[in-house]
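Next up: the same protein chain in two forms, each one alone, written as structure tokens (structure 1, then structure 2).
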Structure 1
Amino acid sequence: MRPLALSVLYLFAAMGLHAATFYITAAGLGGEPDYDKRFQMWSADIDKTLRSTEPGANVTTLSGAEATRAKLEAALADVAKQARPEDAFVLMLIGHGTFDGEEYKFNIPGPDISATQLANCLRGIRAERQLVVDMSSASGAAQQALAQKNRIVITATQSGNERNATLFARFWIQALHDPGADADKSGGVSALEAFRYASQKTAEFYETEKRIATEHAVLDDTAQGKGVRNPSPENGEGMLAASFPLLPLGAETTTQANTPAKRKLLARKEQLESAIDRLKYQKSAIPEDEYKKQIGALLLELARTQAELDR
């Protein structure tokens, strides 16, 4: 990491001693039971990780029937009332998105929320350090609306035309547990480290499965409204993300990987997630009853594995 980025990171870490961090995670509609279950499991994983690694954080998680536009807007309004300029704010969206050529929308129960509506809600939040991670399909179309000074915007796709269900969320969450995500060995995971980790893992999955990649995550932290796939000093992107601790410095970011038994469970969890993604890709070639039987068994074992990890 560059000396300037390190100095900014330490400055933000020091600020964090007296500042609060507000997290909102929303898991939207899956459209079918297997997606609903995975989205809810992913949001629950994030919730547990945040609460265990940063006890003083303000954590709000909306999933299933609770993830309505009204409740999301209310949660954002609550942060707007509480957050001070020295605080930090993180919004993570898990699910499906749509793009009609003009407007991006995040799919939730009841009326969807558009990128413009979301940006209007965020405008009232005074926290000067902000991170928005939209992990839905077509999310690249939200980049322009969400761009703002001192805000990092990460989307799972580079445009609204990448409309297939995304895998980015799975690997973003994995970054919170894998020691390998902490590339600079600082004891915490920055937004840039999590982005690079999840992007690389997503690309590797498509390569391993010999499939054409239908998603390309991008990051913008200079308010350009157009993210890049490889933030670097050359394109000017990534410095703010490098200095934004997704999990606090010094926090135990690998609590699920600190014993051989836990590491074995994490490996099994990764195998199950990959098997589910392969099965979903093959869905059209499998009889419906057989597909439901196989996906149900995999999801049940995944839930049991996660329960063991959570003990």
Structure 2
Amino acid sequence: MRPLALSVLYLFAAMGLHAATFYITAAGLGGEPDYDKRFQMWSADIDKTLRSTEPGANVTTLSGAEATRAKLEAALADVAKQARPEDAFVLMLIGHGTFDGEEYKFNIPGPDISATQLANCLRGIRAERQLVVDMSSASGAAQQALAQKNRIVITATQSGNERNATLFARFWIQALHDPGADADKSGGVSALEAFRYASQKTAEFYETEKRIATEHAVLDDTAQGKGVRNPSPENGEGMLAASFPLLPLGAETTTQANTPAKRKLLARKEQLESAIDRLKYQKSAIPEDEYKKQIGALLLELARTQAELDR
């Protein structure tokens, strides 16, 4: 996935300079005190993480009595006013959802909001890169309505028939904290990395507890309206999500190319990264020993180049 990781690097850098990311998190009705408390705690955790990682970020969090349809629509309208095409937008929904066989609804105080109503609100947002993470039960039923070009749609369940309360949100939030979620060590967690992390942790939870898994998260970033559980080059899903930074790049990876020598090294680094990507894609066609030899040489060269850059 090197080309994707490379894109992440550029995107993170670009975001830091020009673009903004708008975050809206809504925690719906729990239905009982334990769930109410849990949903509010999770949304507060996301709020805190975003604000501390990205001071000055456009973060709106609605929970408890605040999370009404009117307020959610107002918050989305506000983003629609402010966001430019080069910006990014992230909507995260935590709570219970329902599906009556025809329409998915996110359960909030007062009237619920349906997937269609949500999609209508999102339509006004100009940000060309959008991520919608619906972590509620039955959220798979929202896939079709929320699908749109350049929008990543992640749902905690694969269909509206998975109606039990979900745990995906717990592990999605964990992904924001655990350095291990940054699988390619790019210094940031992409939407794809967070999805994979949370999906795997959710599956492990059910496996360890010896419970039947009642949720299977899916991702769609090609506007198919039907997500997949394992995004990969084979099924064509995950490219956009891999390049979508959920949390900004750490300072360590932003190398300033402020001298000719550094610029040369950076160029060399990019060449090496591209060569590594190409080689990895050819892996199956190359004898194993030969592949190991070539990739070893390139990775060593990349390490040396990085060491030079860091001096």
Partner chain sequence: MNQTSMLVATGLLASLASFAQTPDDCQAFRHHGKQDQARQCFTGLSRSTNPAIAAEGYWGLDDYQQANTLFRTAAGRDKASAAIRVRWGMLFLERFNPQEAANLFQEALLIDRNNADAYLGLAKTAAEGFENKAEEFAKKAIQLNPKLVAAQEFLAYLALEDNNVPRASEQAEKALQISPEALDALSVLATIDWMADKTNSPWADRIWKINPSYGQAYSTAGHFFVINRRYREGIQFYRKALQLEPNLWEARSQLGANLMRLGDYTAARQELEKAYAAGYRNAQTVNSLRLLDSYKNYETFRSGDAVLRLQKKESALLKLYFQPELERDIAYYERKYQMKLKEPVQLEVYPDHEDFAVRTMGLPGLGALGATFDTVVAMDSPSARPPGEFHWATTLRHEMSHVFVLTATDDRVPRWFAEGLAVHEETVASPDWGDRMTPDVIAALQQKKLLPLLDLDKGFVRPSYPDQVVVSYFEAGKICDYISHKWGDAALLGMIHSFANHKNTTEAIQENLHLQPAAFDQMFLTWIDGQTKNTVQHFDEWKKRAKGLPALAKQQRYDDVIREGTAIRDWYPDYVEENSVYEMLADAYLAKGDKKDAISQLERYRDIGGRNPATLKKLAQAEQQAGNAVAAIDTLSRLNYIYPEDGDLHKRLGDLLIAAGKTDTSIREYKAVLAWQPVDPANSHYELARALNTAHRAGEARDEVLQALELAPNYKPAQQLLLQLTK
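Under this definition, the rigid core comprises the largest set of C-alpha atoms superposing within 1.5 Å between the forms. Because the structure is predicted, anything quoted here is derived from the model rather than measured. Counting starts at 1 and follows the sequence of structure 1.
**Student:** Where's the form predicted in complex with the partner chain, in 1 or in 2?
**Tutor:** Of the two forms shown, it is structure 2 that corresponds to the form predicted in complex with the partner chain, while structure 1 does not.
**Student:** Does Ile295 count as moved between structures 1 and 2, where moved means a C-alpha shift of 2 angstroms or more after fitting the rigid core?
**Tutor:** Superposed on the core, Ile295 moves its C-alpha 2 Å or more between structures 1 and 2.
**Student:** Relative to the superposed core, report the C-alpha shift of Arg304 between structures 1 and 2 in angstrom.
**Tutor:** Taking the core as reference, the C-alpha of Arg304 is shifted 46.0 Å.
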